[in-house]
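Next comes just one chain, in structure tokens: the form predicted alone.
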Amino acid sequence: MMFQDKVILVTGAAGGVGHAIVRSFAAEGARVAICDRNHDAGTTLVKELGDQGFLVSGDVTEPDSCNAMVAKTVDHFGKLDVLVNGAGVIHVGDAQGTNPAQWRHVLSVNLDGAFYMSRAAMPHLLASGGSIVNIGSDFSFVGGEQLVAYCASKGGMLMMTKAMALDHANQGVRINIVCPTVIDTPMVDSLARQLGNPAEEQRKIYDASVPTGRMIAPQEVADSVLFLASDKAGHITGTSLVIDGGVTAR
């Protein structure tokens, strides 16, 4: 198995994409620390994994909480090999339609959280020769209407990935980012509510916006994360793997 005896920490683990990532790592023999603000969903996922799973509760927007989640993971499993920064939120609005609290919340979860978790995990990843995989977006590269805070956060994550990759390239730690377009998850329903559209209508709109004719499946993102975290990607760092059905090729 590709990740036998490896220890993985995933934030946003109980969401649609996070769930697929956790299950995929576990299927390859990994032990997985699950971090998600939805405690009930996280608990259910841990029960599914049995001894391979461990729930770490915390808030990625708080540095001390991030330090504690990493410490609990290492105390429980003995080490840390891979961090997946998957926690994310989205707000629909332009600059005038995004108040300071909404702006700060999106940046705090999507960008600050990834930084705080990476900073907390780094000493352990240096010891294990591990890696970080960030979950970005096609909006890491291009702008999107009514998504000013989200685009800022995901663009920042891309540059943070590149900078950290250079900082740690000669220390044996790789940092990469997976950048999917809209994913067929419950977040689509949240977006539909914010836009005032029926969920199924919103899904049709998103399917039509992708050149291949459909949104990205969570498992497709999970497969890409596992590749970048694996030994098969041993000389890949500072790279963005775009999974967008051709969106950014336009």
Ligand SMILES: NC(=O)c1ccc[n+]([C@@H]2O[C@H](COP(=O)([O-])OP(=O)(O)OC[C@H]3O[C@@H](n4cnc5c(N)ncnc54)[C@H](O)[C@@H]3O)[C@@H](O)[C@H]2O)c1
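Just so it is clear, the structure is predicted and the values come from calculations on it, not from any experiment. Numbers follow the displayed sequence, beginning with 1.
Absent from the display: the form predicted in complex with this ligand. The rest refers to it.
S.K.: Decide if the three candidate residues G86, Y150 and P186 all line this ligand in the model of the complex, where lining means a heavy atom within 4.5 Å.
M.R.: Every residue of the spot touches this ligand in the model of the complex.
S.K.: My question is simply whether A114 lines the interface with this ligand in the model of the complex - judged by any non-hydrogen atom within 4.5 Å.
M.R.: Outside the cut-off, so no.
S.K.: Check whether G58 has any heavy atom within 4.5 Å of a heavy atom of this ligand in the model of the complex, and answer yes or no.
M.R.: Contact with this ligand, yes.
S.K.: Are any of the heavy atoms in R37 no more than 4.5 Å from a heavy atom of this ligand in the model of the complex?
M.R.: Result yes; R37 sits at the interface with this ligand in the model of the complex.
S.K.: Please run the contact check for G16 against this ligand in the model of the complex: heavy atoms, 4.5 angstroms, yes or no?
M.R.: Because a heavy atom of G16 falls inside 4.5 Å of this ligand in the model of the complex, the answer is yes.
S.K.: Ok, L45, A222, V182, A30: which has a heavy atom sitting within 4.5 Å of this ligand in the model of the complex?
M.R.: Of L45, A222, V182, A30, the residue with a heavy atom within 4.5 Å of this ligand in the model of the complex is V182.
S.K.: Can you say which of 165-173, 133-141, 73-81, 118-126 gets within 4.5 Å of this ligand in the model of the complex, counting heavy atoms only?
M.R.: Result of the contact check: 133-141.
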